[in-house]
Structures are given as C-alpha cells and as structure tokens.
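One chain is shown next in structure tokens, namely the form predicted alone.
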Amino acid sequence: MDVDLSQFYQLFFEESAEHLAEMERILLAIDPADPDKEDLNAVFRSAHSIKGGAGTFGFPDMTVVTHTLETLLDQIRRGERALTGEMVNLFLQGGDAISMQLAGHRDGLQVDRQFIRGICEKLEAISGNPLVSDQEQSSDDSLSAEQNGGNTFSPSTYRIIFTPPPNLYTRMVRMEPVFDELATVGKLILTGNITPQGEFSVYDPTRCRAIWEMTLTTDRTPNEIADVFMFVADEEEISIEQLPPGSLNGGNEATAAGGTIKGGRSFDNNEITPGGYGRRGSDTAEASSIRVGVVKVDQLINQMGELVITQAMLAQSARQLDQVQFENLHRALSHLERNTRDLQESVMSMRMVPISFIFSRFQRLVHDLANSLGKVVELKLVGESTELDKGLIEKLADPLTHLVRNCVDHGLESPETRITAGKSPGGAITLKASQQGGRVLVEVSDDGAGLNRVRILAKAARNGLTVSDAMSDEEVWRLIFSPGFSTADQVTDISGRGVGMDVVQKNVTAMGGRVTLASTQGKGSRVLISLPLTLAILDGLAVRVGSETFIVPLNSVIESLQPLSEELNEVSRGECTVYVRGEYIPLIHLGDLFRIVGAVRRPENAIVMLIDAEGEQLALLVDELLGQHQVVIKSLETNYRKVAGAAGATILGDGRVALILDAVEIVRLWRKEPPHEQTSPKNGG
C-alpha cells in the first residue's frame, strides 16, 4: 500500500532547518587546529539526519549534497584527515546549498543547481573520494586487499533487535530505507516472515509491531550500525549484540551484500548498556514537547485578551452590588480574576522566546563579512536567554542586521589601522540584551573608530540638511537617521547606498520601540534599542484626568504622592516643578497636554505621579488614581488614527476606551519636540 507522506513534510522541513542551524552554530565556533570530537560528531549527526529524512520523504536531490558532506566529515572525525579553515568555509557553503534545496521543496523557490553542483565537486575534490557505484566500490575494495597481501579487516556478526514503539506505522515510518542502508554496510539477514528474495509480501503485522530481528555481518562498529536507525528509532529501542564466530544459523531469511557506507553516531563506552544504547537527554526533552503553529498561538492570545476584558467587565458590574448580600458572587469573581491572571501569564509565556533565536544567526554574517573585508572580528553575545515576544523577535532581525553590517564595514578598522592606533588587530562587536521592567534593551556596540562628527556634518550639509558647529554630539548623531544618509566613500554590496539607519529607526518605532546612539571618537559606537516586552497585555495604573481615564504602564511608575504647597515651585511660562528628595522634577499637566476640560488645576489638590522615561524622571499631574488593571493593548492606528503621546488603547470594564500613555512620547509632546514616527502595536483589533 502506497503511503502519502506529504502530510509530514512540514515536520521534516522544520527539523531539517534546526539541524542546519545547529551545524552552522558549531562550525562557526569550532577551532580547525584543535576541533572537539563531540562537535565533529554533532555536525555529522545533523548531516546524516537530513540525509535520512530526505531519502525517506522522497527528496533525492538533498541526499546527494548531504552524502558528499557526510563522507568528508566522517574522514575528519575518524582522524583520517585534518580539519582546515578552508573545509569549515566549504561546510558552511554546503549548508547553504542544502538550505537552498530545502527552500525549493518547501516554498517553491528557485534552486541554483550550478551552485549546488559546484559545492559537491569541491567537497569531493577535498575528500579525494568522489561518489562511485557499488561495482566500482567493490573493485576498489578488492584492489586494496590485493595491495595489502590479501589481509583485510575481519568482519564481525551482530544480532540486531529493534523493538519499535506501538505507533511506528501510525507515524508513517517506512522500514525499507533502513534495510536498504544496512544492506550496503555488510551482509544482512532478516529473520521472521520474509521471503527468500527479501520481500515483505507475507508477514505478521502483530509480530512486526512488536519486534524486528536481524543479523548483520560487517566490519562496522556497533555505533555505526545504530546510526542507520537514527531517523526512525530511539537508542533504547535497539539492541546490538556481537555474536561468536560461526554462530550464524540459516533459516527463513533474506540476505543482501553490498559495499561499505560511511556513517555512524559516536558514543562513549560508558553510554553502551547491555540492552543496547543509552538515551540522549535531548530526546527526553523532545518527547515532552509538541510543535504548535504561530497562528494558533496568536489566536489563543487574542482570545485570552478578550477573556481579560470580559473579566474586567464582570468585576466592574459586581462593584455596584452589595458585598454582603452577594458575598458568594464576589468571592467567585475574585477567584476568576486570579485564575485569569495565571492563565494569561501561562499563555503569554508560550509566545516568549529567547533572543538567541536571532542573535545566533549573526555569527555567520560576521564570519562572512569579515572574510570578504579582510578584517578580524569577534562577535560577543551577552544575555542571549533574555526573552521577547516572538512577533517582536521576527521584526527585530532586519534592524539588527543593518547595525551589525555597519559595525563590520564602517565601525571596525582594518587590522593594520588598528595596530597603528595601538589596538589589537582584531575588533569586537557585542550584541547584548537585558530586561528592565516591562521593556527589553538590545545593545549593538563595537570598539572601532567611532563616528566622525566633522564628516557627518559635511555630508549633512551636502544633503541640504540644516546643521551648525554648535550642535551637540547627540544632535549630530541623530543626523545619520535621515533617509538616504550615508558616509561611505563608495557603494559596495555591503553598504553605501543610503539604506540603513533610517530603516532601523522606522522598523524599531513601528514595534513601539526607540533607538538611541552614542559614540566616542577612536573608541567605538553604541546603538541602544528599547522595545516593549510584549505587544498583547500589560499591567497598568488607571488614572482619571477630568472625565477621561488613562492607563500608565506600571513598569514606568516610580511612586505617587500628594505634594505640599512648599514643595511646588513655579518657573517661567507658567511651568512648575515639584521638589522630591532633593531634586526638582518637571511637572506635566496631563489636562493641559490633552486639552481636557474640568481637570484639576492646583497640584496640591491633585495627585503627582513620578514616572521614568528611559532614565529621565518627570511628574504627571492627575486628578485621581483609580487602581491597578491588567489591560489588553489595542492598536490605535489600525482602528482609529495615530494619537500623540499614546502607545495604544484598551477597553475598560465599563466598555469605554482608555489611552495607554507612552512616557517618552509624553515628554516629547510636552517639550513640543517632533515625535518618533511610531505606530501603535499591531496586536488586537
């Protein structure tokens, strides 16, 4: 019966992409002069797994590249050939070829067959072992035996018992490719209900589901035999026992002889158990996880948001009921609120992923750019475990790519220039992530030459921008965010086309984030990106100003107080400051800022809320604190229009809409500075 495997393609594509990412990560970190054996084994296992999956799912073009790559890797891990930097680069290109083929099957993208053929030829040329037919391989083996006086390695016979899980067939696993590969390793004898020709025309399904028995005479090790089952079985499901010489009995069996095939998984001796092979810890983790599409997670988060709004509406209605008379109702609503919050935290954690998800991809980018530019660059990753909303992670990739490319091309000097300046020949780029309150800070820095103030001013003047020598460094650095601005001497494939920092700012502000830049001549530059932790739900403090209600993100609030008259100090233009613990903090009237009629005018009769605007403190004057709420962020720009000073909106328990304030944009609005081109988060409807 033919089995349609197309329904399992997506799983193969995802697992192959993970194997490719793992290969690239290891190859970029490996030391060619002293490679770690386990790293070599891990790269080999990844290539072998892709090859096995490609063969099983009917993608023979992918098996050609992976087989050639596998051959050379096997020679290296056996100690037959030394690893070189040239090989590492070639292996990376081999991964690119496999990735291209994978994208061709998955997305229907164009595959450069000439590039793939060239990679295979280079791999075969280095290995000195081009692909040959079984007949040619047999001839080579015979010739080798004659040259050695007829002395060949004595093969051993093994009894192999494979006990698959009950769902082997329901997972649509096919055993034929496994037996075919075992037949190429040595002389295979399959026991059970098998015809003499080795066909599975008659067999007991119950027995086949319970156990598979076979013997194999081969010069391969038990590790390499177990390797053949890698794609279909866990180690504890396989038992491999070496038989004494001459113990092989005949019977209702099928035999097959073939050439040798390079392959296998490496295990330490202490990992081999009497019943077979030990289980890797990662397999346990895989067994306890499932793959869920992002669309389904998004739907769950949206439904969670609606549940939060419904719970707030119930709580609002219950406040109008007598607590004594409706005691049970209030108690039940209290439990509902607590359970809703716990559920919300659990659901949100499903969408939070470590920022290493994108940090890891820049190792390859820096490696390739440094080679093409003749520079020595070290990429340092700090805080990779910091978690961020998956939606933000995906949108952050492009801005970070621009920044890292700029660091390699513009920021870091050539080794000769660095030595002349008294620096080490190799430069360093640092990608750092950290969480502060409800925001994630992502920093991209380098120890290069820094920004050239004179050069930036000159280029800005040529571009028609209004500049002066009296501008502060911060104002000068802000010029490079202008559209089409570039200080590159010439246009290259890497930079110089005027597309870069303006794209960074546009993409970051579209996520509700902000970009700041600092630089020191001769010491390097630092770009700081501040992003909200999530775009879905946040904890906020509801405040009343006149008849309007606003939500202030709780992570921005420092404290609230009612000032005394002597703590207030009026300055020019009717502005006022409040004296708090030795500091005069500017006081912003939200009623004036949003032109709200009926707001309290005198600060001593209102509430002053101290908030943090990314390191700068300011005080907001509000009429009343209404309490803490968990609110669902809705996009203003999608559903209405952009509102200055607001990061979004939410629906309150009584059905009214309240603006969610953005502390930094409030400061800009108060100072009458041009706001960032920021759009509201796109979550919600």
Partner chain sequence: MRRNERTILKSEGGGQEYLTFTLGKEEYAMDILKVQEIRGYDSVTHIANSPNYMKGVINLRGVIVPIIDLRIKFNLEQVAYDEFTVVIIINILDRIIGMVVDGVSDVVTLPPEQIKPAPEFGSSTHADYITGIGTVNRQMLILVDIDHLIGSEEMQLVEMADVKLDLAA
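Quick caveat, the model's predicted, so the values are computed rather than measured. Numbering follows the first chain given and starts at 1. C-alpha atoms forming the largest set that superposes within 1.5 Å between two forms make up the rigid core.
Beyond the structure shown, there is the form predicted in complex with its partner chain, which is absent from this document and is the topic of what follows.
Interface membership of residue 671, defined by any non-hydrogen atom within 4.5 Å of its partner chain in the predicted complex, is ruled out. Using a 4.5 angstroms limit between non-hydrogen atoms, residue 641 touches its partner chain in the predicted complex.
Its partner chain is not shown here, and in the predicted complex it never comes within 4.5 Å of any heavy atom of residue 38. A residue is said to contact a partner when one of its heavy atoms sits within 4.5 Å of a partner heavy atom; residue 610 fails this definition for its partner chain in the predicted complex, lying far away.
Screening 620-628, 59-67, 644-652, 40-48 for residues having heavy atoms within 4.5 Å of its partner chain in the predicted complex returns a single hit, 644-652. Contact with its partner chain in the predicted complex, defined as a heavy atom within 4.5 Å, is made by all three of 506, 593 and 634.
Screening 181, 443, 548, 447 for any heavy atom within 4.5 Å of its partner chain in the predicted complex leaves a single hit, 548.
Contact annotation: of the candidates 213, 337, 306, 345, the single residue with a non-hydrogen atom within 4.5 angstroms of its partner chain in the predicted complex is 306. Once both forms are overlaid on the rigid core, the distance between the two CA positions of residue 454 between the shown form and the other one is under 2 angstroms.
After superposing the rigid core, the Cα of residue 430 is displaced by less than 2 Å between the shown form and the other one. Comparing the forms between the shown form and the other one on their rigid core, the Cα displacement of residue 418 stays under 2 Å.
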